[in-house]
Ligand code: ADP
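Only one chain is shown below, in structure tokens, and it's the form predicted alone.
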Amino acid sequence: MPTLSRDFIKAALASAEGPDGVPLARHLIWSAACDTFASVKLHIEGVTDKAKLDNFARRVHGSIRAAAAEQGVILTSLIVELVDEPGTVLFTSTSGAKPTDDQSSRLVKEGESNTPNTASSTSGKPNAQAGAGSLPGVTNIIAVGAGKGGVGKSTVSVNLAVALARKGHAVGLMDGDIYGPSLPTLLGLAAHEMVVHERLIEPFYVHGIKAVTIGKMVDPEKPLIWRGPMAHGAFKQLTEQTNWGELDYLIIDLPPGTGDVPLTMAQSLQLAGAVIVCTPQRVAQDDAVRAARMFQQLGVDILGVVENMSEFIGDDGKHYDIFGKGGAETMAQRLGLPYLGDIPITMALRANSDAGNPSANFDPKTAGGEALPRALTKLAENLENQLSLAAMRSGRSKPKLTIS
């Protein structure tokens, strides 16, 4: 029996004609399916009148629901969005039940339980981690987040993953920033093709790590304008439908802010902890504090703060405190959070990132000197130490006494 999928949606729209006499599939620019919930996005050139948009949306609903009924496909809810050329939503039409907490992210308010039977943390706040599951074969799942965009969160995620792999660990890296995926560039994936085997995504193996990014599933120049249920479905697909194998660490690069994706992650995956990336200046610290409070409210251990772009080291070897070195460290101390270290800006780091070659950041000859490799190696070591402490606090491991 057919199941609800993107292929099913495309086939349903291909066999139906729109009000303009063109098959509906010709207007389709994006579709998603998660369990019994589906969402589609279409563009009709030159049409902005609400009545015409409504008529068009009705045809889309009718075509997909008729195909579902005919083929015995369960369709609980369908969201139809009509957008203009830049991707701005002009009209939205929803039919069926709203997604439950198992299909859609929902904002957790302080003092309110996430689901009727969700356990609370010791502080009395809702703990989304209480009912979260795990990924088979993955020992530690670490989220890398930031309250503010542009602080180098993806750069930190990539280099942290490579640093851990260079220490002999099996490491996976997931591009959870589904609105602005950066891994295709940072890992040099332009020439790589995505492979799906037995309905599982095969991760790319590059620079000693396994990596998956939604950036290789979509048109690189198309904007990803997703609502909560769509973002939820994409994130779940990347985590649960990827053949990760055995991993010591899975690093998840989150989108900036405190929205749907971090909440979905906290509800569905049992995390070893989170890393917060921040630049030294005050405006970045303000948003980083919000990210820290979010993880704490969701019951996620904060493993530490990383100060990215801590200083600029020129090719002449001079150090320049462009953003005011030490600001993120001061913030971590004020919040009582561990400080994992700082990463400088260098010309080599920029060049290696643009070239998709993070491995070059660990060789002084291609990293512009000793400072960058030393900072990245120290970051990985400090993270491992904090993971050990977090495991002892949670009872997942106990200290060992060796007598010789």
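Heads up: residue numbers just count along the shown sequence, starting at 1. Computed from a predicted model, the values in this text were never measured in an experiment.
Only in words, not in the display: the form predicted in complex with adenosine-5'-diphosphate (ADP), which the text now covers.
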{"item": "Partner-contacting position among G188, G152, G215, G257 - heavy atom within 4.5 Å of adenosine-5'-diphosphate (ADP) in the predicted bound form", "value": "G152"}
{"item": "Position in contact with adenosine-5'-diphosphate (ADP) when the complex is considered in the predicted bound form, options M331, A211, A284, M309, heavy atoms within 4.5 Å", "value": "M309"}
{"item": "Stretch from 65-73, 353-361, 52-60, 332-340 whose residues place a heavy atom within 4.5 Å of adenosine-5'-diphosphate (ADP) in the predicted bound form", "value": "353-361"}
{"item": "Residue contact check: P344 to adenosine-5'-diphosphate (ADP) in the predicted bound form, 4.5 Å heavy atom", "value": "yes"}
{"item": "Partner proximity in the predicted bound form: L349 to adenosine-5'-diphosphate (ADP), non-hydrogen atom cutoff 4.5 Å", "value": "yes"}
